[in-house]
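Let's start with one chain on its own, the form predicted on its own, as structure tokens.
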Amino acid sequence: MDLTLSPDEQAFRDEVRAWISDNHPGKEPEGLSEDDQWKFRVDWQRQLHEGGWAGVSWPKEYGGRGATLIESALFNEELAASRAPGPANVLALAMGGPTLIGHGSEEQKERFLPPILTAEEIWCQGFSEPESGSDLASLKTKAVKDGDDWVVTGQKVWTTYAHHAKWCMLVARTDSEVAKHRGLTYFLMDMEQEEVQVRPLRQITGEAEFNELFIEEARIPDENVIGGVGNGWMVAITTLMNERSGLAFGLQVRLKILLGQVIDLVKEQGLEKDPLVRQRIGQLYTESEIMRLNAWRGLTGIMKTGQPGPEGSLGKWHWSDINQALTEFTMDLRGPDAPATDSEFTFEFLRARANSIEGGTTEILKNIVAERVLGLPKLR
């Protein structure tokens, strides 16, 4: 694995850096309402789109930049390093769009892809349920055919940005007579109907980015089935693989930024020569470097096969462990009053509690790595 950039790749990185430097929106203003915070992110995504940087990895014929896998990784690293906000429609850009490009009809691509890029239509992900979190195949939400429509009833939970979304990537059971993996279908559900109720879930940080969905006979036209009836499991796997495969590049940069802030805190407290403190910093830095190198190794695998593989689960699992260890370290450094003190460190510590749950629990990701990467036997 050669990590030396080619002249074209270095030129691409320089172009990304220059554009972000010239167009950086600055830190999100303090004291904004939730609606104004959201508008700030939407405006930033539209600015990215105008510059040709939204959907950077999408093919050019679908409005993207057609960047290579390496260029996409460089873009994610540079965006994170600049501390610019993420785009508002991140779930659709990173997951929904690639899924639609891979499994959707040309009519679906023409209809749904352009407003993803402009953030005119926000997407959310309706996978998890109260009794079916990481075990997606056990979901109970049902869809029944009624003429040219499907009538959907069920409940979803931990649905990020559902309160802003126009469309939901919804997986529902359409056949209960076959094996549970085979009876699923992947839909795009219009969130703007009375039969879909969105209730926010307030987090320990005070935010409410997650939501519950209560769906009572909502209607989805047959033309909004993605990938064919009964093929929902494979389409959903495409979504999940895209979610995890690109995470590591931006996340490892964020870890390095936070670690730099922690080192500054160590110096402020005069602990830079404490052997235990130095050992913990060294361990965290080493772990973040391993994560970076594994991300590039995973990218090499994608370049060989043409699609994300189960190796992406390793990056998400690794990041969860490192980020939680790092934020716990900040609490130790700041003393017993730290959890009750309003600061960026406290926010990061509280938010990190979700890392080992969201995007697939660490336990499930370990099973995926064991069975599908290492080839170990299944437990059951």
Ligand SMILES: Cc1cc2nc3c(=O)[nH]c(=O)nc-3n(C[C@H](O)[C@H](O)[C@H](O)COP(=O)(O)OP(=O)(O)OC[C@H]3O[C@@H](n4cnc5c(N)ncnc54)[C@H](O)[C@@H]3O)c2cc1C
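One-based numbering along the sequence shown. For clarity, every value in this text was computed on a predicted model and none was experimentally measured.
This protein has a second form, the form predicted together with the ligand, left out of what is shown; the following refers to that one.
- Stretch 349 to 357 is the contacting one of 349 to 357, 320 to 328, 335 to 343, 57 to 65, since its residues have non-hydrogen atoms within 4.5 Å of the ligand in the model of the complex.
- The single contact residue among Thr159, Thr185, Asn89, Gln252, judged by any heavy atom lying within 4.5 Å of the ligand in the model of the complex, is Thr159.
- The ligand is not drawn, but in the model of the complex it has a heavy atom within 4.5 Å of Gly126.
- Contact check for Glu363: a non-hydrogen atom falls within 4.5 Å of the ligand in the model of the complex.
- Of the heavy atoms in Asn23, none are within 4.5 Å of the ligand in the model of the complex.
- Using a 4.5 angstroms limit between non-hydrogen atoms, Phe210 touches the ligand in the model of the complex.
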